[in-house]
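Only one chain comes next, encoded as structure tokens, the form predicted on its own.
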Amino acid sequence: MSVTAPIQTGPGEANVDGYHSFRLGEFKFSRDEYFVYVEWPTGKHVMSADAFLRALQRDVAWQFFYGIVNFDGVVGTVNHYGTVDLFAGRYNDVYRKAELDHLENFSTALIKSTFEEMLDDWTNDGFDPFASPTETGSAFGIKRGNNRAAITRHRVTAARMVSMPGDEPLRTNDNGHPINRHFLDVPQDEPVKEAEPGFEAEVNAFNFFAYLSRSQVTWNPSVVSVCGDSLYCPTTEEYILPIIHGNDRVEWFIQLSDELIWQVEDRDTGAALAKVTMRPGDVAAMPADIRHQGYAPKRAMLLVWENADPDLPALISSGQLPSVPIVI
């Protein structure tokens, strides 16, 4: 079932645990001490509160990202770059065949504002949805305070390159970015920069590994350099990627340190396709017709290369471009 106009939106009354419920069209979201409940006309789904908040945090911070952000195997969003689908069971073969799936389309501004309110209300003091489990407090229990500093933290999106004049700054102890406990062995020396007079604003360099070693968040691909539509989006990974990303374009991964294990599934049905283990120096391309979720036993550095060309989703879905990077 698909609906194109919201019936009702906004927060409801707080429950006995202190949390407000939220409506977005025919979807209703509520939580208690341990769980989040998502209801729609043909079904009801439950998720652990910490898993839901980690997924919700990324959907909001990433502006709904490229393609599909699955919170798990049932609930998620699809970015149409101006509007967003909210779905339950649409990309789950069992739900679709049983006709229990549901989808509604909202303006990006409306769903984003509702999700932001939900994230703020449901995130307790001390819990950071962007941090690894050992670096944050608990998501569970009755409502207690908030953690707005964590859920509204600035996401790096360089205009040209980190460290360029007027662009995103380097991370240092002085601006609140200490070296992470897993990267204490990463050298912190910066390269020597010698620009010809008049080119000081055009030539720059920084220690990329040192920069990543000071990341406060996990599974958050920030933009550190831009060349046309080509974006370098490195990230540090620990524990489990909180979303299952369904691609609408090819993504390239370059493993920089440690190890990542990727579970790869069919984007539309969730059928298992492959398990990929990446170690330093490995390169992998995630096709445009799959979805993937990563597992990191130790904090790892990953470089994600994104092609931000806005025409790609339509070209791929129409068959004018292949869903894989190389056709043999």
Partner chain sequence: MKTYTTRFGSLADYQKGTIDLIDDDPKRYAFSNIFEVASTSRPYEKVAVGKNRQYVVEAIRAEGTSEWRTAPHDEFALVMDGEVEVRLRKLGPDDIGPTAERGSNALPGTPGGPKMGRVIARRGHMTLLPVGAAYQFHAARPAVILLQTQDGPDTVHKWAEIIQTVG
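Numbering follows the first chain given and starts at 1. Each form is matched to the other, and the largest set of C-alpha atoms that superpose within 1.5 Å is called the rigid core. Quick caveat, the model's predicted, so the values are computed rather than measured.
Quick note: we don't show the form predicted together with its partner chain, though the next part is all about it.
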Heavy atoms within 4.5 Å of its partner chain in the model of the complex: does T157 have any? no
Give a yes/no on whether P191 approaches its partner chain to within 4.5 Å in the model of the complex, heavy atoms considered. yes
With the cut-off set at 4.5 Å between non-hydrogen atoms, does N207 touch its partner chain in the model of the complex? yes
Taking its partner chain as it sits in the model of the complex, is V250 near enough to touch it, meaning that at least one heavy atom pair lies within 4.5 angstroms? yes
For the interface check, one of 52-60, 65-73, 267-275, 36-44 should have non-hydrogen atoms within 4.5 Å of its partner chain in the model of the complex; which one? 267-275
Checking a candidate spot here: are A109, E116 and G145 all in contact with its partner chain in the model of the complex (at least one heavy atom each within 4.5 Å)? no
Considering non-hydrogen atoms and a 4.5 Å limit, which listed residue (S230, T152, S138, T172) is close to its partner chain in the model of the complex? S230
Contact with its partner chain in the model of the complex, heavy atom within 4.5 Å, among I240, I254, L100, L103 goes to I254
Heavy atom within 4.5 Å of its partner chain in the model of the complex - qualifying residues of 167-204: R181, H182, F183, D185, V186, D189, E190, P191, V192, K193, E194, A195, E196, F199, E202, V203, N204
Please state whether E194 has a C-alpha shift of 2 Å or more between the shown form and the other one, with the rigid core used for the fit. yes
